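Starting off, we have a lone chain in the form predicted on its own, written out as structure tokens.
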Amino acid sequence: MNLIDNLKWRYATKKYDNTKKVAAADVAKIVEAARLAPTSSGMQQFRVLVISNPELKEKIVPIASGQQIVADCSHLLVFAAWDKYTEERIDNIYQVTTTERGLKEGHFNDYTNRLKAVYLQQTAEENFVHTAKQAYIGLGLAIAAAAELKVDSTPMEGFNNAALDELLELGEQGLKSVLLLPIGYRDAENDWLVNMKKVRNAEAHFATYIQ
């Protein structure tokens, strides 16, 4: 199947079969798709936590407005973004890029100075709005990769971010939660949405072509 067919196949799964687990190799491919996502200035401003521990997933259910799919899924992916930009974070990623590409030390100094001039004068809240947007790009690619592997997924924003940050001690890592992505395999007999027609706006009402 091609990408379009895979996207037609997937849906926001509402009921997972908690007896079925996603193979570690497939989980790794989904995470790798998120890792390879494009990000603003190539800074990879988000991280992914992969939770399979049953007790921890159960603790997240009340944080996620009682949504049982958080516990029943095979793995729960938490997308968390930098809480703010810092000189160190900007310098670190460009040092890695410089080393990996075999470039002269200081090759990116002019560019990183421009980045710092923009981001470091902003508030932490303004920074987080920008870093969180990068997590959505990774989420989209993770969903597409899961569909390619015939792994179900459910993108979620409906949770108490502050409570999850505290539970996972994200603040100590300079991160704040943005999105949840349960992955696993649908319980087709008990999922009310599984046989519903996928509905989207018609292409004519969705896209505008300007020539």
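Position 1 is the first residue in the sequence shown; the rest follow in order. As the structure is a computational prediction, the values presented were derived from the model and not from experiment.
The same protein also exists as the form predicted in complex with a small molecule; that form is not shown, yet it is the one meant from here on.
>> in the predicted complex, does residue 174 come within 4.5 Å of the small molecule, counting heavy atoms only?
In response: Flag for residue 174 set to no.
> Looking at the partner-bound form in the predicted complex, is residue 146 within 4.5 Å of the small molecule by any heavy atom?
Replying inline: So residue 146 does not count as contacting the small molecule.
> Does residue 38 reach the small molecule in the predicted complex, with heavy atoms at most 4.5 Å apart?
Replying inline: Answer no; every heavy atom of residue 38 is more than 4.5 Å from the small molecule in the predicted complex.
> Should residue 158 be counted as a contact of the small molecule in the predicted complex, where contact means heavy atoms within 4.5 Å?
Replying inline: Contact check for residue 158: yes, within 4.5 Å of the small molecule in the predicted complex.
> For this chain shown on its own, do 44, 47 and 170 all sit within 4.5 Å of the small molecule in the predicted complex, going by heavy atoms?
Replying inline: The answer is no: none of the three residues contacts the partner (heavy atom, 4.5 Å cut-off).
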